[in-house]
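Just the one chain here, laid out as structure tokens, in the form predicted alone.
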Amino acid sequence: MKERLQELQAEALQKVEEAVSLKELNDIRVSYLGKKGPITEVLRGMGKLSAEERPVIGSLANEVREAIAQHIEAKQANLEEAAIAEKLAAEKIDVTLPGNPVRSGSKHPLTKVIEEIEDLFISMGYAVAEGPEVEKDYYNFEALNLPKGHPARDMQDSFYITDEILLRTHTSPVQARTMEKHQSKGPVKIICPGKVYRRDNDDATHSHQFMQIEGLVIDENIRMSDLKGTLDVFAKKMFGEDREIRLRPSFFPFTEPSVEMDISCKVCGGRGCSVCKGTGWIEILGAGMVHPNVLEMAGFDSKKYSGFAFGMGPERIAMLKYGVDDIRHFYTNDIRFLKQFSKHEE
């Protein structure tokens, strides 16, 4: 019986060494260590042994069983490691192969223009101020020298929510709110970018929603020449150092005097073309000196303080800067249109 156990051990260890798969190894485990295996059969015959031989054979059987189990575990670890290595080799990625191209977006042309304008005026000492798009009639009109029933309100046909609440028609309410916060003390030097709304029919040059950037400066001894100098710097930085500006008399209820600013046509150099309609000039923005009534309503002493204000549409600036012929292109989210501006990224 002793010899039989030793033969089973040698036989089992040999088969374990020759096993080439986990399945084969598991079959060996079941065959030799299972309840119906040869070792179990040997142990069943221990009843025929003497009392002295039984503990010796029992101990030997346990040693054989333990030796076979240890070899199976070691072989299993080797086979599992080899299987992982084989799988890794089969799934290895060639990092030298070119990757799949990833589409990258770019800033919207209006965002780029707005940020460019903001950076310019911030460099000139302005702060960026913001306010609500759903606005009170008082700040949108009355605080800007446009009392109820004033005919100039017709210029800004509006989306009313109630009789006293509307979608703002310009960013001027931000100016009114900022002046109020300053509690009659200057200086004030801000620009106000944001969305505005007017009941308008959408076409190539009009939209019911558009962007606007307004500027406001209030301090002692602010003159029209300060406004002109500021606008001249703006025009040259945005459209080129060779651009010239001109100011034409105009009317806005919240400024007096009021002006429209034109720049010399970049296409024809001021000689006249289809872009400037033969005039050599292109209208850019409106501006003027802050009306004394506006200053007084905000608590400023109009005899001590003066100021200027201006307002521009980033869409118009972008259309001129990039040669866009329809304002609706900015809002239709056409990738074919938008991806043209990725080359303009800095």
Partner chain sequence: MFVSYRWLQEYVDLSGISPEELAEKITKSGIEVEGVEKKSEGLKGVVVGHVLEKEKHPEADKLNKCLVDLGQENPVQIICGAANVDKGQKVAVATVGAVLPGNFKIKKAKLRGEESNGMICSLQELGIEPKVVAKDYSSGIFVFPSDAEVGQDAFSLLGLDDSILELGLTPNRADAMSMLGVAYEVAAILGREVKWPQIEEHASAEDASEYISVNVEAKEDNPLYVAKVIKDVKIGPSPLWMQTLLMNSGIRPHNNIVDITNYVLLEYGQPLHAFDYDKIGSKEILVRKASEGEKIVTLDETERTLKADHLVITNGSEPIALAGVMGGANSEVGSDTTTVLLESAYFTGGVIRKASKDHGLRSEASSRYEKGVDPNRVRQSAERAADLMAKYAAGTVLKGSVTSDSLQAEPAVVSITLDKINKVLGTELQITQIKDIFERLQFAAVVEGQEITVTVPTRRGDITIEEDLIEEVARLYGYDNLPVTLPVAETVPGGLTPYQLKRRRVRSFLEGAGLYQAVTYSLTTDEKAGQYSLEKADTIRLAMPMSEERSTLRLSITPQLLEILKYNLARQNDSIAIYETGSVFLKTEEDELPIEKEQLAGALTGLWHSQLWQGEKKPVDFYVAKGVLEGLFTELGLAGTVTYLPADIAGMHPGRTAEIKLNGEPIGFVGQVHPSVQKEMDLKDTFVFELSLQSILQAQAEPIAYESIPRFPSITRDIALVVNSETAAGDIYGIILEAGGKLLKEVSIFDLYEGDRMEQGKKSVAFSLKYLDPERTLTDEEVTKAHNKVLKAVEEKTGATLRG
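Positions refer to the first chain, counted from 1. Worth saying up front: this structure is predicted, and the values here are computed from it rather than measured.
Below, we refer to the form predicted together with its partner chain, which is not included among the displayed structures.
- Think of it this way: in the predicted bound form, its partner chain has a heavy atom of just one of Ile213, Leu79, Leu247, Ala235 within 4.5 Å, and the residue is Leu247.
- Interface residue among Ile122, Ala204, Ala74, Val267 relative to its partner chain in the predicted bound form, by the heavy atom within 4.5 Å criterion: Ile122.
- Looking at Leu144, you'd find every heavy atom of it more than 4.5 angstroms from its partner chain in the predicted bound form.
- Its partner chain is not drawn, but in the predicted bound form it has no heavy atom within 4.5 Å of Glu11.
- Contact between Phe308 and its partner chain in the predicted bound form is found at the 4.5 Å heavy atom cutoff.
- Within this chain, Ile28 is remote from the site of its partner chain in the predicted bound form, having no heavy atom within 4.5 Å.
- Within 4.5 angstroms of its partner chain in the predicted bound form, the stretch 266-301 places a non-hydrogen atom from each of Glu283, Met289, His291, Pro292, taken in sequence order.
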